[in-house]
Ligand code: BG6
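Here we start with a single chain on its own, the form predicted on its own, put down as structure tokens.
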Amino acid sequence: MLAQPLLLTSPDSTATVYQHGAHVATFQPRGQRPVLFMSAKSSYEAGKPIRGGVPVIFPWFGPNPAEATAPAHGLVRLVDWELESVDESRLVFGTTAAGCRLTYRVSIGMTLALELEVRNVGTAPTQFEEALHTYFAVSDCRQCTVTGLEQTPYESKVGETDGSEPIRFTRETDRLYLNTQSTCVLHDPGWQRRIMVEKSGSDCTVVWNPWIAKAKAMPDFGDEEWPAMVCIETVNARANAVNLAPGKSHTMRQVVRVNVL
């Protein structure tokens, strides 16, 4: 089993973060519902990913295109990160992977602010994909909508074609929106709140819900948990992968705000 998570506290919120994967598991504004979804079936074991919260994805997104047996979504969510700095409401983690030094800053207050800095410490240019694969807790995904990506081109793994309207969840949804820096808003009428996902240094957004069959196929995800979550992910992938010269760095940021109606 993994070591217990670290606790962050501020006058406005609390959060827990595992050193394994530098994984933010919970974020909860005081007096409000939890913002992040965590699966009751998640495995908390060394060498395995945590299901829910905010997994950090690097240096590839999804399956490795060159090695079918490589772990999905890269390497860094499967290892313990170094804890570089500790504060009541802020943590800084570091790790090295694929010739790059990663620094990950997690801070809380009125918002959950996440910042992933990647520095090429090698002698040759490198290309990588990255994501903050955020799982949001919702009252019922079938009643929720996501705005901010209307008219944005996307790739779908499940054959969807219409992207002109706000996103509604009526089936499995797995969309990679390209060339977008837009803020997304998750509207949850059941819990009477809006969750705003602001970002910078990211040119892709993924929106995902596994629906019925995919949920049953995942051993670390409850069969009936799919209505309780929606993923809105801050990403650089595919045509928007990052190219980084030696000695250069790239920073991707995500800020989560909650507005109770």
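Residue positions are given as counts along the sequence shown, with the first one as 1. Remember, it's a predicted structure, so these values are computed and weren't measured experimentally.
This next part talks about the form predicted together with the ligand, which is not shown.
Trainee: May I ask you to choose, among Val197, Val56, Leu36, Val206, the residue with a heavy atom within 4.5 Å of the ligand in the model of the complex?
Mentor: Of the listed residues, the single hit is Val206.
Trainee: Among Met110, Val121, Ala97, Ala72, which has any heavy atom within 4.5 Å of the ligand in the model of the complex?
Mentor: The option sitting close enough to the partner is Ala72.
Trainee: Taking heavy atoms only, is Phe61 within 4.5 angstroms of the ligand in the model of the complex?
Mentor: Flag for Phe61 set to yes.
Trainee: Is the gap between Phe136 and the ligand in the model of the complex 4.5 Å or less for some heavy atom pair?
Mentor: Phe136: no, not in contact with the ligand in the model of the complex.
Trainee: Counting only non-hydrogen atoms and a 4.5 angstroms cut-off, does Lys157 reach the ligand in the model of the complex?
Mentor: Yes, Lys157 sits close enough to the ligand in the model of the complex that at least one of its heavy atoms falls within 4.5 Å.
Trainee: I'd like to know if Asp174 sits close to the ligand in the model of the complex, meaning any non-hydrogen atom pair within 4.5 angstroms.
Mentor: Residue-level check for Asp174: yes, a contact with the ligand.
Trainee: Which one, 72-80, 85-93, 143-151, 179-187, holds residues whose non-hydrogen atoms are within 4.5 Å of the ligand in the model of the complex?
Mentor: One stretch meets the cut-off, namely 72-80.
Trainee: Going by the ligand in the model of the complex, which residues of 220-236 come within 4.5 Å of it through any heavy atom?
Mentor: Only a single residue, Glu233, comes within 4.5 Å of the partner.
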